[in-house]
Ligand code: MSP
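Below you will find one chain, with nothing else, as structure tokens; this is the form predicted on its own, and questions on how it binds or moves follow later.
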């Protein structure tokens, strides 16, 4: 079976990483970890987009050469991935030679097939978007995504015959209804197709911009940053680089994770570019929404911008990963509030999950000398079915809801069976049956939490008398079967998983 190939967008190296970048990374990481659990080989790519007018201008404003500037920014995006425990396999930079070679080869392929031509063009260019805008794209004369007034540019450029792929894209969308998910973002792309596609400029004159990959055969032009950047998904796996070409192993990508502001580039331009080069389109574009804070758009003026490094320093990484997946659904816009975070933390993590683990271990130590008893039966099939459905449809909040239904069921099981009374009986089988159900259910909970809170899952494994090393040889189909916790193992009391936090004022 082909390895499961997952990508994030390559992040524009014009500024610092923000919470949106962290969120996209996290959604992709949860997916990558899940498919590794199922036994699939996974390739997970992220990186930085380092060319274009905005990068050049920001570097100049910082008093740095563009290469020095993007080196610093790329390092910060690598730090973000490390800080959030994102399990990437590769980090592609568009200033790397491997990318430049592939991007030039891709241009040549599209040009050879007759889809590139040259003409003089005059249009409105949004520098933050790195794209031309029409009057109908603007709101009160400004780009709605960046609140910026586009600049009027006129120059001779190369153009890509995007309009030539209008009918092919309509057919492709009809034959591949899951190509863009969720459905409302797919519908947006279908509506654009129905309005018609126009050819787009795919180069910039070196009179305007020199910071880019030279157009093959024309040193007076550089590749338009989007035509350059999108190629990263195949340049990272060796497109047109001879023996290093791993395209046959990994392509097509299984999921491109993107934010909704770049949906059009990925869902219309990118498949058309690939068709023009006679390369198969990716299998799915997964589009997530935006994050607001206390119901408001993040703004430096308001002072409500969430710094992804500060956030995990304040609350800890694992609780933040949990909250983002549980409270900010992938399929729509989501809201972050410190009040809501602390409520989720104290209720879900401290009261329900943390207490369940502590009670199960403490009672096993008290009544059974810390030894895991013989197996007793409980059915978790329904929870696993709903969990897997949520994970494979990118509804991570639904998957976590299924986990918490099991957590809550076990806390209820304690209240109903009253093991503190059963443990006083001469016959220890009744309390043994209850405690095995609790401990084995915690093993299942740990497996389910692995993609979301891998560190927490490891602590649960250790606490109930097993280890991830013992569990890891199992595929998910085996791990989800009842009875995986070996009788005779010894539980280990751990520090409180999630100490309650006192309410903090939103900063």
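Positions refer to the first chain, counted from 1. The shown structure was predicted, so the numbers you read here are calculated from the model rather than taken from an experiment.
Omitted here: the form predicted in complex with the ligand. The next part is about that form.
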Even though the ligand is not shown here, does residue 407 get within 4.5 Å of it in the predicted bound form, heavy atoms only?
no
Although the ligand is absent from this view, report whether residue 290 comes within 4.5 Å of it in the predicted bound form, heavy atoms only.
yes
Quick check on residue 203: any heavy atom within 4.5 Å of the ligand in the predicted bound form?
no
Using 4.5 Å between non-hydrogen atoms, is residue 440 touching the ligand in the predicted bound form?
no
Scan 356, 258, 110, 324 and let me know which has any heavy atom within 4.5 Å of the ligand in the predicted bound form.
258
Please identify the residue among 232, 157, 432, 131 with any heavy atom within 4.5 Å of the ligand in the predicted bound form.
232
Interface segment, criterion being heavy atoms within 4.5 Å of the ligand in the predicted bound form, picked from 301-309, 232-240, 84-92, 274-282
232-240
Would you give me the residues of 1-21 that have any heavy atom within 4.5 Å of the ligand in the predicted bound form, in order from first to last?
9, 10, 11, 12, 18, 20, 21
